[in-house]
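The chain below stands alone and is given in structure tokens; this is the form predicted alone.
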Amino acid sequence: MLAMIYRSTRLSLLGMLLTTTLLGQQQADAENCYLCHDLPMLGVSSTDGGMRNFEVIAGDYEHSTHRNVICRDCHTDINEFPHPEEVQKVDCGKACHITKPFALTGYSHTDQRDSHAISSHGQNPKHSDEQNAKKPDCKYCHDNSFRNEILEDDLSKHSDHCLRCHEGEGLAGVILHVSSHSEHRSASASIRIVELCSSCHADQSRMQEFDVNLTQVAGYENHFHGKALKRGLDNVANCVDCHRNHLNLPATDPNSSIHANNIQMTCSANTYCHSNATARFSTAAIHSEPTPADNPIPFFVEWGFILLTAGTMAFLLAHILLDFGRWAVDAYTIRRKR
């Protein structure tokens, strides 16, 4: 199917290409990719009748996590213009041309990619192509949001504080990358993580296909962690605190963070969690909803508090109604006597 390029014509593209040399000094990227990709609504029609959007807003990209990575560090098969109609899918494990701070090696996401590949979210040969296609890949979770703008004044302030102990030209880069790539610990950040994981795990049709427990999301929301998170507490465990973000393995796997042999260490791993968690404490149910058969103590304690609260409110309401009735009778009696 022929590509449909919006808001541009061949003539205008030709004119812009002729002025590449003059505009090159004004481009934020090294190879003038913004020359075309900064055009609003730049896209092509796909073979399935949909639309692929290739617009990249320069100002937004400069505030993204990948601001220092040139386009062809990831799109390595793009070597000519016009680009070929079929391009390779970006491999997040490719080494970038930028180097790790305080190191001489190229930066890549190889470790994260390899961990994801053997995780529950990776491609499993026992599953069908349709099932594997429904699993989350890198871009499903990492949307490369452009909202993480870092203020230069804040960066300078944090850099000066760290330079009291640390030295190195790459320090500012470390702070900038960490500040943009991960947010401060906050309830709003944890809520977004739970919402992201729930977008799959709350989908019963999808979870049934993989034979996954359907009570996970509801169990978390009804448990202390979920309830505390909804009330704005920031030091509360979210999904990746317990299940890890890339090496997400089932509880039956000995390498899993939630395996019976590892769960105590997981519960006490972070300072904002249960640093003194005992083995018995770590066996408490987290996701399962309280039932008289499976979790009788939490079930009856929860219903005890519900009945106590409801009974107290009912008693207060009855007291108010009786008091009002007494006042109404007295007022009526006094009026009759007049």
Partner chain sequence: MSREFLRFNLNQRLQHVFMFVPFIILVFTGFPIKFPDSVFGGWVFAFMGGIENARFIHRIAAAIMIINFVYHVLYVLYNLIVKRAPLSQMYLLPTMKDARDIKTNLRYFLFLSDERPKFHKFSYIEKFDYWAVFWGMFIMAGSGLILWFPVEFSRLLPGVFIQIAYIAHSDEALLAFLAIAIWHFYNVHFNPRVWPANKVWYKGTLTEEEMEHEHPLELEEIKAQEKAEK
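Heads up, when I say rigid core I mean the largest set of C-alphas that superpose within 1.5 Å between the two forms. As the structure is a prediction and not an experimental result, all values here were calculated from the model. Positions refer to the first chain, counted from 1.
The protein also exists as the form predicted in complex with the partner chain; that form is not presented, and the subsequent description refers to it.
Participant: Does at least one non-hydrogen atom of Ala293 fall within 4.5 angstroms of the partner chain in the predicted complex?
Facilitator: Because no heavy atom of Ala293 falls inside 4.5 Å of the partner chain in the predicted complex, the answer is no.
Participant: Any chance His121 has a heavy atom within 4.5 Å of the partner chain in the predicted complex?
Facilitator: Contact with the partner chain, no.
Participant: Report yes if any heavy atom of Phe281 sits within 4.5 Å of a heavy atom of the partner chain in the predicted complex; otherwise report no.
Facilitator: Result yes; Phe281 sits at the interface with the partner chain in the predicted complex.
Participant: Would you check, heavy atoms only and a 4.5 Å threshold, whether His259 touches the partner chain in the predicted complex?
Facilitator: Result no; His259 lies far from the partner chain in the predicted complex.
Participant: Note which of Val301, Ala269, Met51, Met41 lies within 4.5 Å of the partner chain in the predicted complex, where distance is taken over heavy atoms; exactly one does.
Facilitator: So the residue touching the partner chain in the predicted complex, by this definition, is Val301.
Participant: Looking at Lys134, Lys230, His75, Arg113, which has any heavy atom no more than 4.5 Å from the partner chain in the predicted complex?
Facilitator: Of Lys134, Lys230, His75, Arg113, the residue with a heavy atom within 4.5 Å of the partner chain in the predicted complex is Lys230.
Participant: Which is the contacting stretch out of 87-95, 221-229, 246-254, 191-199, given heavy atoms within 4.5 Å of the partner chain in the predicted complex?
Facilitator: Partner-contacting stretch among the options: 221-229.
Participant: Quick one: core overlaid, is Ala279 moving 2 Å or more at the Cα between this form and the one not shown?
Facilitator: No, its C-alpha moves less than 2 Å.
Participant: Note yes or no: does the Cα of Val301 move by 2 Å or more between this form and the one not shown after the core is superposed?
Facilitator: Yes: Val301 shifts by at least 2 Å between this form and the one not shown.
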